[in-house]
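First, one chain by itself: the form predicted on its own, in structure tokens.
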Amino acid sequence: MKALFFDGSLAVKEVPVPEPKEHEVLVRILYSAICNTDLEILKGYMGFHGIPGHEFVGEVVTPGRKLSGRMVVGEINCPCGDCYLCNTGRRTHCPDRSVLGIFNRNGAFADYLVLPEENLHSIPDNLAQTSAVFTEPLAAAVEIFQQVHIRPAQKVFIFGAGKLGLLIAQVFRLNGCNYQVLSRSETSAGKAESMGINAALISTLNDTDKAEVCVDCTGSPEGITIALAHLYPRGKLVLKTTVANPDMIDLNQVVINEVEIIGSRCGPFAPALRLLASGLVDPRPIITATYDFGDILQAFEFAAKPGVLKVLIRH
């Protein structure tokens, strides 16, 4: 099969079709999407070498399984199932887990991938594949509300109007929150406003402009520092950014202001699929371009350009 392989540089190669283990199934990829994490992998994030890609829609082609022939999306963490963290409800933090296209498991930028069948979710018949491919990042947006009790009356700043920031903003909007998306880019802020999202430039914030909850999804090492500067004492800082070269933050301010910091990443697929299928979250305006798999190297070059949002790959 053809696959995009990263080994210090990207190249399309012919590799063997993966063979599923007893609890796994083979999935033929129909669509995948380039995430900021994929771009960070090219800079050395997680030291990953292999086939990247973790946002996908595919068809289960292993015969005789519950999901055989179904269009699916897949959760990316593959835990051992037997350790202390797995047995105490923290399977996504299993120390022996592999992570699709990120750590010790080949990913979705290929003709096929393998995942445990329990990781897969059927997509509703009324949901377009080009929208379903957003399930994984939308689940990450929903995860914030799994972790943090946020009252609708509280003021919320969401830093970053990129792919994830725009999904997070739509989820906050659904919850009636007094939120604002903040971006360095006039183009990005304008894009958010065109989607009916309350947005402004970071440069318009005064030192006294504060929120009870700040969410950092800037994709920038200095994003945490900016978010901390606009958080009330005893406020909550939700961190969504992962980068290859993390910055240092002033921990004195965390102590002095008694800030609660919440790391947040993967989330529940079922509510994300419901939001997409119902149209309550519409990811279509976030798609900047769609490339055929044969042009995936050009797709990565394009995805790395400033202002580009989601780039889909048609397999």
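Note that residue numbering begins at 1 and tracks the sequence as displayed. Just so it is clear, the structure is predicted and the values come from calculations on it, not from any experiment.
Keep in mind that the form predicted together with another copy of the chain is not shown, yet the notes after this line are about it.
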Of Lys163, His121, His230, Lys240, the one that lies within 4.5 Å of another copy of the chain in the model of the complex (heavy atoms): Lys240
The one residue among Ala270, Val255, Ala289, Val61 placing a heavy atom within 4.5 Å of another copy of the chain in the model of the complex is Val255
So, in the model of the complex, is Arg234 in contact with another copy of the chain at a 4.5 angstroms heavy atom limit? yes
Taking the shortest heavy atom distance, is Glu136 within 4.5 Å of another copy of the chain in the model of the complex? no
Since only the chain is shown here, I'm wondering whether Glu75 would be in contact with another copy of the chain in the model of the complex (any heavy atom pair within 4.5 Å). no
Close approach of Arg184 to another copy of the chain in the model of the complex, 4.5 Å, heavy atom: no
Even though another copy of the chain is not shown here, does it sit in the model of the complex so that Asn36, Pro152 and Leu167 each have a heavy atom within 4.5 Å? no
Considering another copy of the chain in the model of the complex, find the one stretch among 80-88, 124-132, 171-179, 194-202 with heavy atoms no farther than 4.5 Å from it. 80-88
In the model of the complex, which residues of 134-150 put a heavy atom within 4.5 Å of another copy of the chain? Glu143, Gln147
